[in-house]
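As structure tokens, one chain now follows by itself in the form predicted on its own.
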Amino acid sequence: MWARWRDALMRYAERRLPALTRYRQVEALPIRLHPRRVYILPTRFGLAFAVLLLAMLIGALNFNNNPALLLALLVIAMTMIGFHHCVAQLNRVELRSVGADPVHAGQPLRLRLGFHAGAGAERPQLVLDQEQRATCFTLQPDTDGKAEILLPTTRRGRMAVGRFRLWTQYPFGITWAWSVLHPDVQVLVYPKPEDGAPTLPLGDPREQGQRLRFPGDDWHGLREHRTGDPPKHVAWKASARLERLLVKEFADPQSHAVMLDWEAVQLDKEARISRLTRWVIEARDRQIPFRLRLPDAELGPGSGAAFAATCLRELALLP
């Protein structure tokens, strides 16, 4: 109930107070917090505590009880100091980096945010949240620290990391100080691999190693002379011995790499991408050299994790 009231109050404040939304636009890294962009509100416990203090203060005044009045004023003074401590937890905190390893669409993405705290005391109980997902961490003074949070992914391509809220209720839990971080950062999400896709098209293994490309650089053998063959390729000694004109033939063996061809997959666009993604993953896991032919590019031959990552990136960024 309180969370709904608080969110409703926040939405109303954003509509009425443009200063609250000024820092909600995307910002380039690093993002440094300062008191003018740190906001503070009492928590539910803080409101109850304020009512208790008010009753205590009124009672002390009505009954002219000086010790009770002194105690109430001391508690109020400590509470005011707590306000400053709460804001100071976020002051001079700097978001310096945002990164993540690519995942496939549908898998949670583990986002890493690198913070740096200014000089001063330790900053415990900092909470970073986004849409009901939260992580708690502590920053040591004048050192770097990291926080990780899981984000859902739904589609391939570049994904903006969105807005985060950094907040704390430290030290007394009677106030809630927060600020909004909206880094101008995008992360890459690979396409979702097809479930139940056909096995990798390896072709006829009997043909592997027999395909050649003419002309090439490697010696291949002798053949009969044809019109147009250059004289420098004529094998004069062999021709004299066999009494017919022969020429030297050179060829390069063609790569045995598997061809993953966009045009060979007769599916709609997203289904093609999903199937090629599955085949790229299978070729990577089995260490099979492969080529990837896309509508506007051809990659390979290559193998291994780095080449597969390049192919998955191209598939993810297809228009």
Partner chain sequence: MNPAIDRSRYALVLALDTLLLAGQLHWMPAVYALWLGLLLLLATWLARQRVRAAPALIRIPLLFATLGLLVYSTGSPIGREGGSALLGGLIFLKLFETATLRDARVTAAAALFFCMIGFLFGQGMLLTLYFCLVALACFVVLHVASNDRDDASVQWFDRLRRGLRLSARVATAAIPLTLIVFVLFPRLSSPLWGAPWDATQGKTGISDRMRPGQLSALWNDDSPAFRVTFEGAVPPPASRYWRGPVLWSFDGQEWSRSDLFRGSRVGALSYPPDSVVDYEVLMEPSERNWWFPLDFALQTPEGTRIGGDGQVTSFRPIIGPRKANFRSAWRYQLDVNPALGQRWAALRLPETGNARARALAAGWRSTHNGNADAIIDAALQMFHRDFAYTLEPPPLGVETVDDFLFNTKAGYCEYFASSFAFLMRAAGVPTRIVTGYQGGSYNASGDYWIVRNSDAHAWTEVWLTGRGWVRVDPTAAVAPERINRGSLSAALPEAASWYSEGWGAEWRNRFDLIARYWRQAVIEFDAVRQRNLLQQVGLEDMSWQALGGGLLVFGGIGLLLGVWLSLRGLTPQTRDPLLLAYRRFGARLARAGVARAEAEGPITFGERAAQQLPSAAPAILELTRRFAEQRYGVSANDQDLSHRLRLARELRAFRSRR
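Bear in mind that the values here come from a model prediction, so they are computed numbers and not experimental data. Positions refer to the first chain, counted from 1.
This next part talks about the form predicted together with the partner chain, which is not shown.
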Could you tell me if F164 has a non-hydrogen atom within 4.5 Å of the partner chain in the predicted bound form?
-> no
How about S239: is it within 4.5 Å of the partner chain in the predicted bound form, going by heavy atoms?
-> no
Taking heavy atoms and a 4.5 Å cut-off, does F172 contact the partner chain in the predicted bound form?
-> yes
Give a yes/no on whether F49 approaches the partner chain to within 4.5 Å in the predicted bound form, heavy atoms considered.
-> yes
Could you work out which of L29, L57, I40, I288 is the residue within 4.5 angstroms of the partner chain in the predicted bound form, going by heavy atoms?
-> L57
Which listed residue (R244, R112, H84, R96) meets the criterion of a heavy atom within 4.5 Å of the partner chain in the predicted bound form?
-> H84
Counting only heavy atoms and a 4.5 Å cutoff, which of 226-234, 100-108, 122-130, 180-188 contacts the partner chain in the predicted bound form?
-> 122-130
